[in-house]
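Quick setup: one chain, the form predicted on its own, written in structure tokens, and binding and motion questions come after.
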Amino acid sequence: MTASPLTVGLVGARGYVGRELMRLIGNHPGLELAYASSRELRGQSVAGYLGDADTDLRFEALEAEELVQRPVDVCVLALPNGLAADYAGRLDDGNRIIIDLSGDHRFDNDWHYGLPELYRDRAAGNKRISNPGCYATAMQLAIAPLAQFIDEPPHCFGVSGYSGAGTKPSQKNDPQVLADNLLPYQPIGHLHEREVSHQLGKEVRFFPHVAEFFRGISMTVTMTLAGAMTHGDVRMAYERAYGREPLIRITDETPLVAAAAGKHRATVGGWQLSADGRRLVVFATLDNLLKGAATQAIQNINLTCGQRELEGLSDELALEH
């Protein structure tokens, strides 16, 4: 831990992920919120968003040029795709750490891609960190242990709660559209399809859907293996990859999305193999606002600053036991 808390600035505080981040920052002994920027909440008190932390802060509407004059140790950009790059470019002075939760830097080799369970060894000391997408996190955790044995592009069927569509009104978060419904969208060329293909170096196919539940992701991945495997072979591969990972639970049971809500952990498993051992189905679930976004951001801050990776997350984990 550092001698004094690291100061954190949050841009895009109004959204669902921004709210989760404020709560986690407020409960983190090594972090202190310096400002929270939101046009819609401008002037309102931040108290109540920071968990048990006491603060006199109020939300501000800060433009990029104003943020340059507000020194912090870490600036988190919880902005929509396409908006974060301009802020990052102005703030990137080599001093503050920038965590970008959008997709604007996930294909930029000058930015560390912060999925700790797969790329932790590259994390320390980075000042530019691109947080993975929520769907992309679930897909990579499901595929990575067997990526070298895959013969054809995996097919990934994903279902997200409507919080994944953000707070801006659209069909994907309209209760009337989603009631008793399942809404498919962008089945070709989705950002997260390109993201996972880029990071794993293997092409994937992704079919996203939104359901009427609020939070969580259920991912079903079908893989064709180059050679036959047994259930024991498959489980051993996932145990080798994640057996010591505190934020990944491995299970023989099919994980249910409702059990992921409010949890820092992702769950992977429920494997199903064809009779010839060549076709494998694996399931993954996680909370899109936590392990798919805010939890991962806290992991990345901790890792790049040399703090304990799960600092500020242990209280939530205690609820799972």
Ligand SMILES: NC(=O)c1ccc[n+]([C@@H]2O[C@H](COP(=O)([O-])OP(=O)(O)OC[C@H]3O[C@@H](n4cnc5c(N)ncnc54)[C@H](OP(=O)(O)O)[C@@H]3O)[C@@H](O)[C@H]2O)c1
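Keep in mind the model is a prediction, meaning the values are calculated, not measured. By rigid core we mean the largest C-alpha set that fits within 1.5 Å across both forms. Quick note: we count residues from 1 along the sequence shown, nothing fancier.
Below, we refer to the form predicted together with this ligand, which is not included among the displayed structures.
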Stretch in contact, per heavy atom within 4.5 angstroms of this ligand in the predicted complex, of 219-227, 71-79, 237-245, 180-188: 71-79
Is there a heavy atom of Val196 lying 4.5 Å or less from a heavy atom of this ligand in the predicted complex? no
Using a 4.5 Å heavy atom cut-off, state whether Glu66 contacts this ligand in the predicted complex. no
Does any part of Gly114 reach within 4.5 Å of this ligand in the predicted complex? Heavy atoms only, please. no
Against this ligand in the predicted complex, would Leu83 count as a contact residue? Criterion: heavy atoms within 4.5 Å. yes
Hey, which residues along 162-185 are within 4.5 angstroms of this ligand in the predicted complex, non-hydrogen atoms only? Ser163, Gly164, Gly166, Thr167, Lys168
Yes/no, Tyr49 Cα shift of 2 Å or more between this form and the one not shown with rigid core fixed: yes
